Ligand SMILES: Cc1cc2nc3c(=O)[nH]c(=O)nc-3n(C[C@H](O)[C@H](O)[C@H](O)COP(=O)(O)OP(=O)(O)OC[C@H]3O[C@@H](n4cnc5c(N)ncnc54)[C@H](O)[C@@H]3O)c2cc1C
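Heads up, the chain below is alone and in the form predicted alone; it's given as structure tokens.
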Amino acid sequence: MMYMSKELLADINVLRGRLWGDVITPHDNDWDEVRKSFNLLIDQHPTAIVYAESPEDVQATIRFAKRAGLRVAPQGTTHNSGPLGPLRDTILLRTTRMKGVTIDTERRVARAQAGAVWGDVTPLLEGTGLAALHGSSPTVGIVGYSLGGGLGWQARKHGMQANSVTAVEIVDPHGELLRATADQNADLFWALRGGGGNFGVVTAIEFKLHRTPVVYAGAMFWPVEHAAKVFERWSEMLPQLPDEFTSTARVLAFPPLDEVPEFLRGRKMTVVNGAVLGDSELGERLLAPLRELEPEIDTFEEVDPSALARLHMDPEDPMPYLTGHMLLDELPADGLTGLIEAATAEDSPLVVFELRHMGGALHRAAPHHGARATMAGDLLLFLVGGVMEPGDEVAVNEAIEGVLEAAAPWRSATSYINFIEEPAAADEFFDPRTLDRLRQVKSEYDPQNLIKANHELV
């Protein structure tokens, strides 16, 4: 356990008296529970953890940290906390309790405080004919997802969530509350939309909602033995698909747990998930080639857009896991065959092997877009392995690296910042021109590098 000096502990006690929220230190009994991450493999050891309940709490924390010579690492849901790296001499500033959400259906705009998750928004949109460009799980935080880009089920039609953001409220490293829009603090507004959280602590975010009266969405399931023909058929369909259809092809290993539906429990399955922004007539026509392969289960139907929140079937409780991803410019038939063989091997420890269809609006930049205007690649490869026992980590790492190595010949020039769960150099995510501009904004707003965010720019 890390112990702090009497002087710092006394100063933190003063900070406690100035906050509506709480301050937790290594001297508190609940420290080991509070510092946990959504990924239970991540062992966070900050100097202290502050639970802010208002923008004023955020301001007080930043001003305190600056006086004390500490850095501040914003954290909402603890998703993707690995890239923060070591947290020595750092206050972990949790915005978890700031969860207010308002919906303006006339203006088609939502406002969410920094701790809100997508599960706080999607139920409010049910029946409105509006949809947010939300993440793959209701537990994903809106702010972190949006700052890194944000890929959802409408991405091929409407692009990344970052480019639907209309305003950001942020406490800068001087402790001042700013509003960033296209007309106000425009350079900061540009950087925050896809450039990450390196510029301050976001307290609220506003974003456009998209007219989506109905979607035709669901999943098809086949036994894993059908993976080769399903992936081949899906791959053949992609060039002809309209932007209204976003889909994934996956191999999923379902655990033998009671929470898993009985027909999936303990089985490895081939799955195609998808969402068609349209009615059943359009959806059935687009999905006809897959239906010819006679899936064991077919859940596609017309649904309210709010139903997309759980379409990806992501776990919603913390667990220990490792991930890997790669954006692919293409994937020829022989390359796809090799990847499928690795994913379906009987001894593979991977629980998720996924190819996500990219392109469409993700390839189209517009002058009003932010730092991450587009996403490279026609496909996104995503891998997950559970680490349930101490010895599992080596085998899972080897499996992930093996698949990524096999896919390397078709790798795109950049990676996706939200899918890298360990510290990485910023030039892995941004082209040189964009990175230079991001660093200029960083030096203007945070010259002392007070803010420690996922994937630092300096």
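All residue numbers refer to positions in the sequence shown, first residue = 1. No experiment lies behind these values; they were computed from the predicted model shown.
The same protein also exists as the form predicted in complex with the named molecule; that form is not shown, yet it is the one meant from here on.
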item: Contact residue in the predicted complex, from Q75, Q154, S247, T270 (heavy atom within 4.5 Å of the named molecule); value: Q75
item: Candidate from F300, F231, F353, Y145 lying within 4.5 Å of the named molecule in the predicted complex - any heavy atom; value: Y145
item: The named molecule contact in the predicted complex: H210, any heavy atom under 4.5 Å; value: no
item: Heavy atom of Y321 within 4.5 Å of the named molecule in the predicted complex; value: yes
item: Partner proximity in the predicted complex: D314 to the named molecule, non-hydrogen atom cutoff 4.5 Å; value: yes
item: Exercise: G200 in contact with the named molecule in the predicted complex, heavy atom 4.5 Å; value: yes
item: Among 292-300, 77-85, 254-262, 341-349, the region lying within 4.5 Å of the named molecule in the predicted complex by heavy atom distance; value: 77-85
item: Residues within stretch 395-434 having a non-hydrogen atom within 4.5 Å of the named molecule in the predicted complex; value: Y416, N418, F419
